[in-house]
Ligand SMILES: NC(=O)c1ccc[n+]([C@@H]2O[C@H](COP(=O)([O-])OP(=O)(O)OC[C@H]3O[C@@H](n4cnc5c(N)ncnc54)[C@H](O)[C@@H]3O)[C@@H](O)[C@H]2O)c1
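One chain comes next, on its own, written out as structure tokens in the form predicted on its own.
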């Protein structure tokens, strides 16, 4: 028996990559798994894989940008297993890297709707149902190291991942009274197909009907992704971190230096502000209680 035994986890983008890695690791811990994904064939293959391991699993073809699809996923989870205990907001995409002036608005809208609004919609659909049974649970949001330090030429992706980290910090305090543990996963490069996100790009996010899905793939990052860490490490790391009650889940310890650089720059900026004569009369006790 573990803290996960007979509990139910709902995982978006769960048909492959990090989502399936987390599903596999949690399934081995005795959880019921509900996978939502936009790719029907890949989702069916994932279901067969998990069932072959003896994991209880249900699947729903869904689009994380559609609120009604989230409700269908939640309904299917409760119909299959009775209660929802965990949401893993994993579904995410990356557009082709490029300078800010060359990033088209459809790229921005697509990345924001999937990576940011998909997380918002997932939490809106699932948290109320986790609260209802009163047993507590978990909310796991998948961000990125890009959420901890800006990545040049990846403005839309960085913006969404910074937002996911911030929302996770906010929701940790908000959901603690309900015994819902919040964690945010911030991996660097992992062997997934995120650099081929265009394969699942919805028609409404393409510039015109003549544009191929392959035209949106983030080719320049392919080598970095393909030489990343084994995706199976990530799922096991998530289980380890959840058991330890960690808010921030990191998979690449060597990236700490980049976060330290950012933290030091922020600290130095505060020091300069403290020395400004323009700010000498600003009271020390302003700000919401959560900042104190």
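Here the structure is a predicted model, which is why all the values come from computation and not from measurement. Numbering follows the first chain given and starts at 1.
A second form of this protein, the form predicted together with this ligand, is not displayed here; the remarks below concern that form.
J.: Scan 149, 200, 181, 80 and let me know which has any heavy atom within 4.5 Å of this ligand in the predicted complex.
T.: Among 149, 200, 181, 80, a heavy atom within 4.5 Å of this ligand in the predicted complex occurs only for 200.
J.: Does residue 92 make contact with this ligand in the predicted complex, using a 4.5 Å heavy atom cut-off?
T.: Residue 92: contacts this ligand in the predicted complex.
J.: Residue-level contact is defined here as any heavy atom of the residue lying within 4.5 Å of this ligand in the predicted complex; does residue 63 satisfy this criterion?
T.: Residue 63: yes, in contact with this ligand in the predicted complex.
J.: At the 4.5 Å heavy atom threshold, is residue 190 in contact with this ligand in the predicted complex?
T.: Because a heavy atom of residue 190 falls inside 4.5 Å of this ligand in the predicted complex, the answer is yes.
J.: Give a yes/no on whether residue 130 approaches this ligand to within 4.5 Å in the predicted complex, heavy atoms considered.
T.: Outside the cut-off, so no.
J.: Which one of these stretches, 235-243, 34-42, 47-55, 253-261, sits within 4.5 Å of this ligand in the predicted complex when only heavy atoms are counted?
T.: Within 4.5 Å of the partner lies stretch 34-42.
J.: Between 141-162 and this ligand in the predicted complex, list the residues on our side with a heavy atom within 4.5 Å.
T.: Residues within 4.5 Å: 142, 143, 144, 157, 161.
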